[in-house]
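Heads up, the chain shows up twice below as structure tokens, two forms, tagged structure 1 and structure 2.
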Structure 1
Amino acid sequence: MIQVLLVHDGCLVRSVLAQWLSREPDLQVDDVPWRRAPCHMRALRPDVCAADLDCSDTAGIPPLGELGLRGGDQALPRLLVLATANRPGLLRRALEAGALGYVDKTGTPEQLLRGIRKVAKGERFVSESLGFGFLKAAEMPLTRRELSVLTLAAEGASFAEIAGSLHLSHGTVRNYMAAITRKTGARNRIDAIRISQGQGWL
């Protein structure tokens, strides 16, 4: 029996997906929204955590780091993510969090079953159609520092506020923003934010 914790922020879809998975004789499924996922991971210790990378909190970035997957413990739950190729930033975060499975949400539901069974055995599963997304994830153009600057700008912070938060000079923030705009191929700051959010970098 494979214990699955399904993480998805839309209750309606999550319930239907959980019912659908539960019809499989070898799966036992619990389901939670993202905000309750870290706590349930600790309490349930499922074999597989199947998590949708779309998160409904304001920033839209799922708290993968809080799932408690790091720590060298062999018996830790294994992570499978539901993703799309057009948000490589989220794929990259899932890779960094150590996810074993990557199921394309634009593919068939049967892939999810195959993915869960593979990942439960400790094997990698990647939907073929996510290939281009991984390619783009590897080509992420911005440095961590540039991402920090852009994240604050996207939240509506002024140059002065960004400089204050990151202990930089006003001129340095301006230079970072110019580099970000150039590297993302954007026309201006707003365009750079739009492009980066679209890709899931922010």
Structure 2
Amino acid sequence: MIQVLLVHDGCLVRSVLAQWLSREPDLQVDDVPWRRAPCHMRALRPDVCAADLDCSDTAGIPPLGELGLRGGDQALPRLLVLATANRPGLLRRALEAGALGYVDKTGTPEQLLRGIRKVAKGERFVSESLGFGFLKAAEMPLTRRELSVLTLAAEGASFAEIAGSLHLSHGTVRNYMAAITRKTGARNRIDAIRISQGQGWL
């Protein structure tokens, strides 16, 4: 029996997916929104965490680091993410979090099922249609921290608010923004946000 924790902020989509997956005799499925995912991960210790990368909280950044995933081949739970090729920034976050599975949300439910079973065995699964997204992710000039700073700025946060949220000094945030502006070829912070959103980095 494979124990699956499905993490998705869309209540209707989450419920339908959970019901569909639960029809399989080898799957036991629990489903939660992102805000409840970390505590459920600790309590359930599922074999696979299948998480949608679109998160309605935390400025749209999926808090993958809060899921308590552990390194090593024998570590459980293993992470599978639901993603799209036009959001390479989220794909890179999932890569950095050690996800084993990458399922295209525009694909079929059967792809998700295959992905869960392969990831449960410790094998990698990647939807072919996400290939372009991974190429774009590899070309991204911004670091994970710079992306976090820029994402908060895109939500309208001031330098002081960004510094408080990310536990940085005010001067460090300014330095990050200067680096972001330079790397994106932007004229200013607003232009950097526009360019990054157009590229799917945010």
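One-based numbering along structure 1's sequence throughout. Take the two forms, find the largest set of C-alpha atoms that superpose within 1.5 Å, and that set is the rigid core. Quick caveat: nothing in here was measured; it's all calculated off a predicted structure.
- As for origin, structure 2 is the form predicted on its own and structure 1 is not.
- Considered as rigid units moving between structure 1 and structure 2, the segments carrying A138 and G164 are different units.
- The smaller of the two rigid parts, set against the larger, turns by 34° between structure 1 and structure 2.
- Its Cα shifted by 8.7 Å between structure 1 and structure 2, V173 is reported here after superposition on the rigid core.
- With the core fitted, the CA of I190 sits 3.2 Å away from its counterpart between structure 1 and structure 2.
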